[in-house]
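Just the one chain here, the form predicted on its own, laid out as structure tokens.
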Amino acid sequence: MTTSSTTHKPKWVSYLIKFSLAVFWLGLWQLAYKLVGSELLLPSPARTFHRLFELAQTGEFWLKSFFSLLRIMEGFVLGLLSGIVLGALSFVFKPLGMLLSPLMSIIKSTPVASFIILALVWMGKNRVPVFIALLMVLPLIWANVKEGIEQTDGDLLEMAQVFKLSKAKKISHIYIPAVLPYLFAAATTALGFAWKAGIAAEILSLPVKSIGKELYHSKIYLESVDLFAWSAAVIVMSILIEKLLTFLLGRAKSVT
């Protein structure tokens, strides 16, 4: 007897719940706007999304969004690759893992603003968001890759030893499948951190053609509608990027 129809909600129910939640929060926003009574302090949802629609019709909006995305994704990819390599090496060479552990703890505990200010001293303003995104990603990926390798099924390793599998086959057939769930979970979380920290880095470093620079100017010139519109753009792009990454990781899982 099939019970999937009773145990799983139809997709339309899920969409309806999400729509209802969106309406609730937008309604709360509208109520707050009415209570505040000042567009300078809190623009209305309608005015914010109308401004966002206006911005989206300009080439400058897409150019600035593209460069911000490019910088942050560069940092994300560098952090991802560095974390994978260092995580694997930390498992193979235990002293390296012990050496890196305090550094990763420091990176996770230190306020992002401190790193941004230091980065402004060390490098050009266009490289600061890349560096900050890398720092946000590195500890998460390092810890999860290391943990994934350490949690590899011992029975499988014993079996590989009995059948005298080569190191290459052990890595491809045992270690990589064991690490992937940890890596995929860390990558999804790290992307959100990289995006938020990267935009914050842009606000302080003001690189050319960036969302962060627009947010900073909106605040300086008290253009609250623009500030909310660009913030809404950041949120929408963050959701879309995360959905894309989840889709790609899902495809990768099906292949492996």
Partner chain sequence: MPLKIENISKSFGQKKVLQNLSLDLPAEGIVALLGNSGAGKTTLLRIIAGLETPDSGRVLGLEGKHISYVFQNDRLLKGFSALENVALVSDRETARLWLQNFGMGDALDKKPGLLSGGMRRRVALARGLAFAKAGGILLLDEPFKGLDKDLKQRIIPYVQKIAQDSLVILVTHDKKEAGLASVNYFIDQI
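Residue numbers count along the first chain shown, from 1. All figures in this text were calculated on a predicted structure; none of them were measured in a lab.
The following text describes the form predicted together with its partner chain, which does not appear among the structures shown.
Its partner chain in the predicted bound form comes within 4.5 Å of no heavy atom belonging to F93.
In the predicted bound form, I174 approaches its partner chain with a heavy atom inside 4.5 Å.
Using a 4.5 angstroms limit between non-hydrogen atoms, V162 touches its partner chain in the predicted bound form. Contact annotation: L156 falls within 4.5 Å of its partner chain in the predicted bound form, judged by heavy atom distances. Screening 97 to 105, 144 to 152, 79 to 87, 165 to 173 for residues having heavy atoms within 4.5 Å of its partner chain in the predicted bound form returns a single hit, 165 to 173.
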